[in-house]
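The chain below stands alone and is given in structure tokens; this is the form predicted alone.
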């Protein structure tokens, strides 16, 4: 943990420019999305205990404070998704990497075009349109405040190695793959991240749009979920959809967290311990989520 803090401070002092901050915001957004997803899997699992317990927990998602946190969620999902597309393009079309700065500015234009209206819409219910605009601007300003504060820190004069985890593994895999078909676990995990990332652009954004804009967080309750999963006209679709979203989103997020562990924890013992804990976290919550999605039956609730 001390090493992770030291590396984080070095990153702040390092003047990496646009690439550094694009990477930093992407990583923080990804970890935030994983934390939210873990909580979301847990609260959905409570459906099996009946409407009273489930709806008592929904206070976490309702009210002014929760609505502001919802805008942070929209920020993370939108930025992480669009930035992921940019990375995928550069991975599979290497010639575009020389234009990464221009691509980042294009990414920002798309991000603002999607996030700003969404943020205002989500906040105006509690804070009117003017309050929604101010709240959205505050969320947008936070990364800029961090970047500005970092510029006030003394510049790092050392050539700090901020990572030797998954990047080193990817470099070795790329080098060894020359002249032969790609192989190895790191390559397949890298490929999974790209494929699942593209799928999640559709799966996660559609889910977010339906739940937060079509239905609305304030209207979500036990009956809404029961209808999605038990109505003969839509049950098969929503159960399949939610199972796919759970698998790809949670596995994508946990694998991203595994990369973070590889980057910042260089002690073999700590790294192994944390990765085992992360795998157990994935296994338990994945089991809980799949169980409730595939077996939920309101008639079994007493």
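Model, not experiment: these values are computed from the prediction. Residue numbers count along the first chain shown, from 1.
From this point on, the text means the form predicted in complex with ligand HEM, which you will not see here.
In the predicted complex, residue 99 stays away from ligand HEM, with no heavy atom inside 4.5 Å. In the predicted complex, ligand HEM sits beyond 4.5 Å of every heavy atom of residue 206. Under a 4.5 angstroms non-hydrogen atom cutoff, ligand HEM in the predicted complex has residue 27 among its neighbouring residues. Contact annotation for residue 222: none of its heavy atoms lies within 4.5 Å of ligand HEM in the predicted complex. Annotated contact segment (heavy atom within 4.5 Å of ligand HEM in the predicted complex): 191 to 199, selected among 191 to 199, 222 to 230, 206 to 214, 107 to 115. Just one of 68, 41, 47, 257 comes within 4.5 Å of ligand HEM in the predicted complex, counting any heavy atom, and that one is 257. Using a 4.5 Å cut-off on any heavy atom, the residues of 31 to 51 that reach ligand HEM in the predicted complex are, in sequence order, 31, 33, 34, 37.
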